[in-house]
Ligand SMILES: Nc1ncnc2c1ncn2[C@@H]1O[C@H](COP(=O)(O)OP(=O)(O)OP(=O)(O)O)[C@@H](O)[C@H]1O
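For reference, the chain that follows is the form predicted on its own, supplied as structure tokens.
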């Protein structure tokens, strides 16, 4: 299996804060790779470095053999991206926005129209095509962001909390779609805080903590590491990242609320 993404000894700091430390990743083509970690672990920074939105301080990055710093346009043409914080042109209708993206990707909007209609139908957005996106709910905007990422038929999807705000049906569509795209050789790097989702769709998982990769394995292998029969991926994740002793915190919060 060929390599889609390679990071070698990559580091990035923001002032005195080191967001990513000597990170090595080797992600094969055609898998769904879960990039997990608590807030501030370096996930979003790592994704942005792959996209050339953030420049690493040291180390090297390769996306299908291309260095994002040397040829950012070539890399961007290969990638579909859903950021954690959405930035859409809210003064456009969703249809106008997707037509605009077709032009950016070098696609013919009239030829892509049937495909766009299928997306609107699948995500239950039919009838909202000519509404300004500024009036959309968060979930509706999230759906448009996902459609936008898929529009250029990318070789690599980088999805930062892509299921945020989606209803269960739409979330299931996205999960099934990623599985099917994987069979066609599309690679997905998927960040989520919902461990059940990672367990269900990821072929391999890398867990970051304080900017370092501390575990990399399949979901089954990670659960086996816990050496506790029947452990969920969430339980193992909390154990690995040192966040397992939550009960005293929860009990203390309940105690405080009881006093008011």
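Residue numbers count along the first chain shown, from 1. Bear in mind that the values here come from a model prediction, so they are computed numbers and not experimental data.
Another form, the form predicted together with the named molecule, is not on view; read the next lines as being about it.
Between 58 to 66, 214 to 222, 195 to 203, 31 to 39, the stretch whose residues reach within 4.5 angstroms of the named molecule in the model of the complex through a non-hydrogen atom is 31 to 39. Contact annotation for residue 52: none of its heavy atoms lies within 4.5 Å of the named molecule in the model of the complex.
Taking the partner from elsewhere, residue 161 is found to have a heavy atom lying within 4.5 Å of the named molecule in the model of the complex. Shown alone here, residue 23 lies farther than 4.5 Å from the named molecule in the model of the complex, counting heavy atoms only. Contact check for residue 84: a non-hydrogen atom falls within 4.5 Å of the named molecule in the model of the complex. Along 12 to 32, these residues reach a heavy atom to within 4.5 Å of the named molecule in the model of the complex: 14, 17, 19.
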